[in-house]
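We begin with a single chain expressed as structure tokens, specifically the form predicted alone.
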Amino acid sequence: MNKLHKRPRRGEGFIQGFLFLAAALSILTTVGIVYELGKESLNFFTRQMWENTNKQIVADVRPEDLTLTINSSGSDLHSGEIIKISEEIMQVTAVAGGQVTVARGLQNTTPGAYNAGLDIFESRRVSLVKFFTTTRWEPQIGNFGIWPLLNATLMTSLMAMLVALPLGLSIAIYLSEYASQRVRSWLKPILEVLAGIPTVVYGYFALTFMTPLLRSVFGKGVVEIYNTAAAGIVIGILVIPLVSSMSEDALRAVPVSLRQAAYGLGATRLEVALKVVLPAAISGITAAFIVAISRAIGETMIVAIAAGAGPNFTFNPFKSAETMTGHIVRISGGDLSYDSIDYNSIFAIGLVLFVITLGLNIVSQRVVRKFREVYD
């Protein structure tokens, strides 16, 4: 009697290997993105910047001198500060009026001779505390407070969700519980067309249609030409197909037996949809909402065109403000030199965006696991 044994199937082995390589490639891509963002962001927070103190040395300095004579104007120097004259880096050890005692030749620089009148620069670094607590983003003068960009991003995303979530969920309930097969066959392609329109087209739609509409309703003196409200509303229109499609899939996954049981007890179609099907599909709907929020936060072209081109810490949706993604587009398209402080700030903003979307995805997975309904 022949023993049963596994028959080799080379085709299945090839497919399995291909799928494994695809999964490994996606993981390696994510790791590469995190590595680059982390490396450049670390360079941003550890880079030494130099700010002019508007002070000058008023007497010539020899290489062996440890005391500098400075003028009284400009910002004050304090013991322990790192300063620079020409290319030499020094550390202030004592300050007595117009006399500053320094330790010379720091960071492998060579003590030199300097003529009176040279400017004194002091060291500045971007701290995590100031990055997350201050509200001024002015890279040219060393102010790197993320809140103007983060606040504009959250405002546009909130506006988008106020539009997309109720409309998208309503469309999903209609397609799942009310629409006939004929209606669904022509309504679904229309939603897919919305999802396929390039976002740059949405951006100009926000600027040339939505903004004039808001200005006609609320007044030209209230609504600026570039504003976060118009950008947020159009982002909401953009993500409606995402919300409706994922929510409909969740609703249609609810067993028909639940609907039939509710109808047998005398429930109306609306009661079945809202009190039976919707609660049973809550995990999938919540996941759809969180994915839509992530999509809205990461949207770029709409906010770059319609929201504004300058950081502005404001809670007024009718004012111009620049989001994180919009700032990245504007700065990266300028004349920034590689490895400059402005260039590295782009990666710090990108890392913040990555952390936000990663957190939302983690929350989405936990919500799905907690509220998932399993039916036999």
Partner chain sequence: MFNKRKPSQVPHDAEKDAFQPHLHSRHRAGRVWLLVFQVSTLIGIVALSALLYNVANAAFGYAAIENKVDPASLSINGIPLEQLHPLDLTYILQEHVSEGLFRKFAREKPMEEYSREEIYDLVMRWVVQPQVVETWTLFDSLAHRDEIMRQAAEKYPQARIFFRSWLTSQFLTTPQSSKPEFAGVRTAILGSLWTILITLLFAFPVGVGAAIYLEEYTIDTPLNRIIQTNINNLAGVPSIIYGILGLAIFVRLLEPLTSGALFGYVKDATTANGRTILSAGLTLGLLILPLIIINAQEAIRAVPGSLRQASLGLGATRWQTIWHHVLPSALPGILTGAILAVSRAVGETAPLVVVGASTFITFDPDGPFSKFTTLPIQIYQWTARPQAEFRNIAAAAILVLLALLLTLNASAVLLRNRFSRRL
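Residue numbers count along the first chain shown, from 1. Because the structure is predicted, anything quoted here is derived from the model rather than measured. Throughout, rigid core stands for the largest set of C-alpha atoms superposing within 1.5 Å between the two forms.
Beyond the structure shown, there is the form predicted together with the partner chain, which is absent from this document and is the topic of what follows.
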Look at the stretches 294 to 302, 79 to 87, 98 to 106, 144 to 152 and give the one with heavy atoms within 4.5 Å of the partner chain in the predicted complex.
294 to 302
Students should find that, of 161, 242, 250, 237, the residue having a non-hydrogen atom no more than 4.5 angstroms from the partner chain in the predicted complex is 237
Could you work out which of 33, 59, 49, 66 is the residue within 4.5 angstroms of the partner chain in the predicted complex, going by heavy atoms?
33
Contact flag, residue 44 vs the partner chain in the predicted complex, heavy atom cut 4.5 Å:
no
Indicate whether residue 341 is a 4.5 Å heavy atom neighbour of the partner chain in the predicted complex.
no
Classify residue 114 as contacting or not contacting the partner chain in the predicted complex by the rule of any non-hydrogen atom within 4.5 angstroms, answering yes or no.
no
In the predicted complex, is there a heavy atom of the partner chain that lies within 4.5 Å of any heavy atom of residue 274, even though the partner is absent here?
yes
Using a 4.5 Å cut-off on heavy atoms, which residues of 152 to 191 contact the partner chain in the predicted complex?
167, 170, 171, 173, 174, 178, 187, 190
Does residue 355 count as moved between the shown form and the other one, where moved means a C-alpha shift of 2 angstroms or more after fitting the rigid core?
no
